[in-house]
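Taking the form predicted alone, here's one chain by itself in C-alpha coordinates.
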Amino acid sequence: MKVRIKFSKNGPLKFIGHLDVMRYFQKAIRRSSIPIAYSEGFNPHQIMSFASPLSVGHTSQGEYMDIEVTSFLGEDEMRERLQGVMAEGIEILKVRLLPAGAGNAMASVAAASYRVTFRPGISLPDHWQEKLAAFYEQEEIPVVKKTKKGEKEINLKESIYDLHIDTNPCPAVCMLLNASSGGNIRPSFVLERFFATLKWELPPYALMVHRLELYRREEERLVPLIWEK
(Lines give C-alpha, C1' and ligand atoms only; values in the text may rest on other atoms or scores of the structure.)
Protein backbone atom coordinates (compact mmCIF):
# COMPACT_ATOMS: atom_id res chain seq x y z
CA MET A 1 0.00 0.00 0.00
CA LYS A 2 1.26 3.47 -0.90
CA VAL A 3 0.69 6.54 1.24
CA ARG A 4 1.27 10.19 0.26
CA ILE A 5 2.33 12.65 2.95
CA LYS A 6 2.17 16.44 2.65
CA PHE A 7 4.35 18.54 4.93
CA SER A 8 5.66 22.07 5.40
CA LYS A 9 9.25 23.21 5.96
CA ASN A 10 9.95 26.54 7.65
CA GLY A 11 12.27 28.33 10.05
CA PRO A 12 15.92 27.30 10.48
CA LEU A 13 15.22 23.93 8.84
CA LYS A 14 15.08 25.73 5.48
CA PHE A 15 18.89 25.50 5.56
CA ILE A 16 18.80 21.69 5.74
CA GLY A 17 19.46 20.06 2.37
CA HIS A 18 17.34 17.40 0.70
CA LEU A 19 19.51 14.41 1.68
CA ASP A 20 19.40 15.44 5.33
CA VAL A 21 15.62 15.83 5.14
CA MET A 22 15.38 12.33 3.71
CA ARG A 23 17.55 10.91 6.52
CA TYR A 24 15.50 12.83 9.08
CA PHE A 25 12.26 11.27 7.84
CA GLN A 26 13.79 7.80 7.83
CA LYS A 27 14.56 8.18 11.54
CA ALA A 28 11.23 9.86 12.29
CA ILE A 29 9.29 7.02 10.67
CA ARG A 30 11.15 4.50 12.84
CA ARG A 31 10.46 6.53 15.99
CA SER A 32 6.76 6.82 15.13
CA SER A 33 6.41 3.04 14.60
CA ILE A 34 4.89 3.50 11.15
CA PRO A 35 4.83 0.01 9.51
CA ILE A 36 6.90 1.09 6.49
CA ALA A 37 7.93 -1.48 3.90
CA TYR A 38 11.59 -2.20 3.21
CA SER A 39 13.33 -3.17 0.00
CA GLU A 40 14.79 -6.62 -0.39
CA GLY A 41 18.44 -7.59 -0.74
CA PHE A 42 21.61 -7.31 1.36
CA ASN A 43 21.04 -3.65 2.27
CA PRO A 44 17.27 -3.16 2.80
CA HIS A 45 16.07 0.43 3.00
CA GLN A 46 12.75 2.14 3.61
CA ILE A 47 10.68 2.49 0.46
CA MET A 48 10.09 6.23 0.12
CA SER A 49 10.39 8.93 -2.51
CA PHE A 50 10.08 12.71 -2.47
CA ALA A 51 8.18 14.71 -5.07
CA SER A 52 10.55 17.57 -5.85
CA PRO A 53 13.59 18.50 -3.74
CA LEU A 54 13.32 21.99 -2.25
CA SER A 55 16.28 24.31 -2.75
CA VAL A 56 18.30 25.09 0.38
CA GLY A 57 17.13 28.37 1.91
CA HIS A 58 13.58 28.10 0.55
CA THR A 59 10.52 27.54 2.73
CA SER A 60 7.42 25.60 1.73
CA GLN A 61 3.90 24.62 2.66
CA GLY A 62 3.61 22.11 -0.19
CA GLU A 63 6.19 19.33 0.19
CA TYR A 64 5.32 15.72 -0.60
CA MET A 65 6.69 12.26 -0.07
CA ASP A 66 5.37 8.77 -0.84
CA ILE A 67 6.01 5.73 1.32
CA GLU A 68 4.99 2.10 1.09
CA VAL A 69 3.51 0.48 4.21
CA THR A 70 2.84 -3.12 5.15
CA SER A 71 -0.41 -2.17 6.90
CA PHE A 72 -2.45 1.04 6.98
CA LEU A 73 -3.14 2.67 10.33
CA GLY A 74 -5.59 5.25 9.02
CA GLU A 75 -4.88 8.74 7.72
CA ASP A 76 -5.47 10.60 10.99
CA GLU A 77 -3.55 8.10 13.10
CA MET A 78 -0.56 8.17 10.78
CA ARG A 79 -0.49 11.98 10.65
CA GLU A 80 -0.66 12.23 14.45
CA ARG A 81 2.10 9.67 14.93
CA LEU A 82 4.42 11.44 12.51
CA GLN A 83 3.61 14.91 13.83
CA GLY A 84 4.42 13.69 17.32
CA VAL A 85 8.08 13.11 16.39
CA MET A 86 8.61 16.13 14.13
CA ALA A 87 11.20 18.78 14.94
CA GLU A 88 10.14 22.44 15.04
CA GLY A 89 9.97 23.68 11.45
CA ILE A 90 8.38 20.61 9.87
CA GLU A 91 4.63 20.02 10.15
CA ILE A 92 2.73 17.04 8.76
CA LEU A 93 -0.25 18.59 6.99
CA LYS A 94 -2.07 15.67 5.37
CA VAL A 95 -1.84 11.93 4.81
CA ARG A 96 -3.68 10.09 2.05
CA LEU A 97 -3.83 6.43 1.06
CA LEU A 98 -3.15 6.28 -2.68
CA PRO A 99 -5.45 4.30 -4.98
CA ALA A 100 -4.01 1.25 -6.69
CA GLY A 101 -2.02 2.16 -9.78
CA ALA A 102 -1.41 5.78 -8.77
CA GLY A 103 1.85 7.23 -10.07
CA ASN A 104 4.53 8.18 -7.58
CA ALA A 105 4.87 11.79 -6.44
CA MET A 106 8.18 12.45 -8.18
CA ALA A 107 6.95 11.36 -11.60
CA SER A 108 3.60 13.13 -11.17
CA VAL A 109 4.88 16.68 -10.62
CA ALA A 110 3.90 19.01 -13.47
CA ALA A 111 3.90 22.48 -11.90
CA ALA A 112 4.72 24.40 -8.74
CA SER A 113 3.43 27.66 -7.31
CA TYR A 114 5.62 30.13 -5.43
CA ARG A 115 5.44 33.39 -3.51
CA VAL A 116 8.66 35.38 -3.80
CA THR A 117 9.51 38.43 -1.71
CA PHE A 118 12.62 40.61 -1.53
CA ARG A 119 14.85 40.88 1.49
CA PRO A 120 14.55 44.15 3.43
CA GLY A 121 16.95 46.82 2.24
CA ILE A 122 16.94 45.77 -1.42
CA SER A 123 16.51 48.86 -3.61
CA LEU A 124 14.57 47.75 -6.70
CA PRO A 125 14.41 49.58 -10.05
CA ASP A 126 11.69 52.20 -10.48
CA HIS A 127 8.30 50.93 -11.70
CA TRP A 128 9.52 47.32 -11.59
CA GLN A 129 6.04 45.95 -10.92
CA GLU A 130 4.55 47.47 -14.09
CA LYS A 131 7.58 46.36 -16.10
CA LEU A 132 7.28 42.81 -14.74
CA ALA A 133 3.64 42.70 -15.85
CA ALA A 134 4.69 43.84 -19.33
CA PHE A 135 7.47 41.22 -19.34
CA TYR A 136 4.95 38.46 -18.65
CA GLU A 137 2.46 39.74 -21.21
CA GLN A 138 4.91 39.18 -24.08
CA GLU A 139 3.95 36.41 -26.48
CA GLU A 140 7.50 35.04 -26.41
CA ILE A 141 10.34 35.39 -23.90
CA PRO A 142 13.46 33.87 -25.51
CA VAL A 143 16.15 33.00 -22.95
CA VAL A 144 19.18 30.73 -22.75
CA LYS A 145 18.93 27.99 -20.14
CA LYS A 146 21.77 25.82 -18.90
CA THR A 147 21.09 22.08 -18.94
CA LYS A 148 23.12 18.99 -18.17
CA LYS A 149 23.93 18.76 -21.89
CA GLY A 150 24.93 22.39 -22.27
CA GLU A 151 22.94 25.50 -23.11
CA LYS A 152 19.78 25.82 -25.17
CA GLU A 153 17.41 28.62 -26.06
CA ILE A 154 13.86 28.24 -24.80
CA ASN A 155 10.68 30.28 -24.82
CA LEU A 156 10.33 31.05 -21.13
CA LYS A 157 6.73 32.18 -21.60
CA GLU A 158 5.70 28.56 -22.23
CA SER A 159 6.89 27.57 -18.76
CA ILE A 160 5.22 30.43 -16.86
CA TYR A 161 1.58 29.45 -16.39
CA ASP A 162 0.73 32.46 -14.24
CA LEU A 163 2.54 35.49 -12.84
CA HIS A 164 1.13 38.37 -10.83
CA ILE A 165 1.98 40.78 -8.02
CA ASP A 166 0.39 40.47 -4.58
CA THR A 167 0.85 43.58 -2.43
CA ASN A 168 -0.63 42.22 0.82
CA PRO A 169 1.08 42.47 3.27
CA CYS A 170 4.14 43.42 1.18
CA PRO A 171 4.98 43.28 -2.55
CA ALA A 172 5.44 39.67 -3.62
CA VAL A 173 5.73 37.96 -6.99
CA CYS A 174 3.39 34.98 -7.26
CA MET A 175 4.24 32.44 -9.95
CA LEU A 176 2.92 29.15 -11.27
CA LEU A 177 5.77 27.47 -13.14
CA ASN A 178 6.59 24.32 -15.05
CA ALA A 179 8.12 21.87 -12.56
CA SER A 180 8.17 18.72 -14.69
CA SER A 181 11.33 16.64 -14.94
CA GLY A 182 11.94 17.81 -18.49
CA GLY A 183 11.19 21.51 -18.09
CA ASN A 184 11.66 22.58 -14.49
CA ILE A 185 11.96 26.37 -14.08
CA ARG A 186 13.13 28.05 -10.86
CA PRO A 187 11.42 31.28 -9.73
CA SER A 188 14.83 32.90 -9.30
CA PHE A 189 15.59 32.14 -12.96
CA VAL A 190 12.45 34.00 -14.04
CA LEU A 191 13.27 37.09 -11.98
CA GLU A 192 16.94 37.08 -12.97
CA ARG A 193 15.95 37.11 -16.64
CA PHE A 194 13.38 39.83 -16.04
CA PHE A 195 15.77 42.15 -14.21
CA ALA A 196 18.41 41.50 -16.89
CA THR A 197 16.06 43.17 -19.39
CA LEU A 198 16.23 46.27 -17.13
CA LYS A 199 20.06 46.10 -17.11
CA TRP A 200 19.92 45.44 -13.36
CA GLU A 201 21.40 42.49 -11.49
CA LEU A 202 19.79 40.92 -8.44
CA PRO A 203 22.10 41.11 -5.40
CA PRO A 204 23.12 37.76 -3.85
CA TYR A 205 20.46 36.24 -1.56
CA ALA A 206 17.99 38.98 -2.52
CA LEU A 207 15.02 36.61 -2.82
CA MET A 208 12.95 34.86 -0.17
CA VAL A 209 11.19 31.99 -1.93
CA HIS A 210 8.20 30.17 -0.45
CA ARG A 211 6.73 27.19 -2.30
CA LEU A 212 2.95 27.12 -2.01
CA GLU A 213 1.96 23.90 -3.78
CA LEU A 214 2.98 21.14 -6.18
CA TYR A 215 0.60 20.06 -8.94
CA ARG A 216 -0.03 17.11 -11.21
CA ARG A 217 -1.96 17.07 -14.47
CA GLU A 218 -5.42 15.55 -14.48
CA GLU A 219 -6.68 15.68 -18.06
CA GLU A 220 -6.32 19.40 -18.90
CA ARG A 221 -6.25 20.66 -15.31
CA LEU A 222 -3.53 21.19 -12.75
CA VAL A 223 -4.53 19.73 -9.38
CA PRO A 224 -2.56 19.40 -6.11
CA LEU A 225 -0.61 16.17 -5.56
CA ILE A 226 -2.86 15.47 -2.61
CA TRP A 227 -6.59 15.97 -2.94
CA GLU A 228 -9.20 17.49 -0.67
CA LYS A 229 -11.92 15.25 0.74
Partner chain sequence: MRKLALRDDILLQVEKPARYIGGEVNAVMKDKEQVAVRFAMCFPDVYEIGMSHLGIQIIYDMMNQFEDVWCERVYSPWVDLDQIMRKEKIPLFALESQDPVRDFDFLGITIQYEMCYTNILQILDLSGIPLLARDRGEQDPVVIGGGPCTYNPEPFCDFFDLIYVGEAETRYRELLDLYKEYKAGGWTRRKFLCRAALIPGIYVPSLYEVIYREDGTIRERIPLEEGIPQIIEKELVKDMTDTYYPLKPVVPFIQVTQDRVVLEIQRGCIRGCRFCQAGQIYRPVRERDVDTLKRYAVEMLKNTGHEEISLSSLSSSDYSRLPELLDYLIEKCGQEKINISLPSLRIDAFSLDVMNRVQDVKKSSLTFAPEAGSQRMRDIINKGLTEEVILEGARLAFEGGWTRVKLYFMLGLPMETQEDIREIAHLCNKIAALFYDTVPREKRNGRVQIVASTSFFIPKPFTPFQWAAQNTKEQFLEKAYLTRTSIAGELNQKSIKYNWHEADASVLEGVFARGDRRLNQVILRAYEKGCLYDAWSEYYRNDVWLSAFSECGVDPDFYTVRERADDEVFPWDFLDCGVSRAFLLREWHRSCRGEVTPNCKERCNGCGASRYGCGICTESGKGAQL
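Numbering follows the first chain given and starts at 1. Since the model is a prediction, treat every value here as computed from it, not as a measurement.
Below, we refer to the form predicted together with the partner chain, which is not included among the displayed structures.
Contact with the partner chain in the predicted complex for residue 167, defined as at least one heavy atom pair within 4.5 Å: yes or no?
No, residue 167 stays farther than 4.5 Å from the partner chain in the predicted complex.
Given that the partner is absent here, does residue 215 sit within 4.5 Å of the partner chain in the predicted complex, heavy atoms only?
Close contact is absent here: in the predicted complex, residue 215 is far from the partner chain, nothing within 4.5 Å, heavy atoms only.
Spell out, yes or no, whether the shortest heavy atom distance between residue 87 and the partner chain in the predicted complex is within 4.5 Å.
Yes, residue 87 sits close enough to the partner chain in the predicted complex that at least one of its heavy atoms falls within 4.5 Å.
Test of understanding: in the predicted complex, would residue 38 fall inside 4.5 Å of the partner chain by heavy atoms?
The answer is yes: residue 38 has a heavy atom within 4.5 Å of the partner chain.
Which residue, 44, 53, 183, 203, is the contact with the partner chain in the predicted complex, using a 4.5 Å heavy atom cutoff?
Among 44, 53, 183, 203, a heavy atom within 4.5 Å of the partner chain in the predicted complex occurs only for 44.
Only one of these stretches, 186 to 194, 56 to 64, 157 to 165, 173 to 181, has heavy atoms within 4.5 Å of the partner chain in the predicted complex; which one is it?
Selected range: 56 to 64.
For the heavy atom contacts within 4.5 Å of the partner chain in the predicted complex, list the residues of 14 to 40 involved, in sequence order.
Sequence-ordered list: 14, 15, 16, 20, 23, 24, 26, 27, 30, 31, 32, 33, 38.
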